[in-house]
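Okay, here we've got a single chain as structure tokens, the form predicted alone, with questions on binding and movement later.
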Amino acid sequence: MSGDDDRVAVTADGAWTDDVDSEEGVVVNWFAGEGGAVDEGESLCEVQVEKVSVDVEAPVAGTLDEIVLGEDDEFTIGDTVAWIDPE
């Protein structure tokens, strides 16, 4: 990990949360790997809530510093799934 205070959390939430009743989901697939450069708005991973798949996007551009939840890990909406070290 680097620059813990400057890192930006990638959370499992978004506009789609208004359309689901469940508070829990599963990380299905990661499109980016730790150490890789990401752009703001880039799809980082796919999550599934109530059998509906949605993409979690990067909130800022930078380096994907840490993946907190791996594939098949469960989360509650709003949980941190990864950290980005911003540019």
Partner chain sequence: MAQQERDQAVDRELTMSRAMVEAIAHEMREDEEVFYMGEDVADYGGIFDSTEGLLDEFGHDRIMDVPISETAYVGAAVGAAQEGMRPIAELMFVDFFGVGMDQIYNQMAKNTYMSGGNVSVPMVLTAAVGGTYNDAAQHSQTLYGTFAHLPGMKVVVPSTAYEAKGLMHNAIRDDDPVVYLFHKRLMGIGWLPAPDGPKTPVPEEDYTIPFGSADVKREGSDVTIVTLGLHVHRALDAAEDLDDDGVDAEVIDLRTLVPLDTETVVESVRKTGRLVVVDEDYRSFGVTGEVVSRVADEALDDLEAVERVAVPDVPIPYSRPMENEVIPDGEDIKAAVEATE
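Positions refer to the first chain, counted from 1. What you are looking at is a predicted structure, and each value in this text was computed from that prediction instead of being measured.
FYI, the form predicted in complex with the partner chain isn't displayed, but the following is about it.
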The partner chain is absent from this chain, but in the predicted bound form, do 29, 37 and 46 each have a non-hydrogen atom within 4.5 Å of it?
yes
If you check in the predicted bound form, is residue 55 within 4.5 Å of the partner chain, heavy atoms only?
yes
Contact test in the predicted bound form: residue 71 vs the partner chain, heavy atoms, 4.5 Å
yes
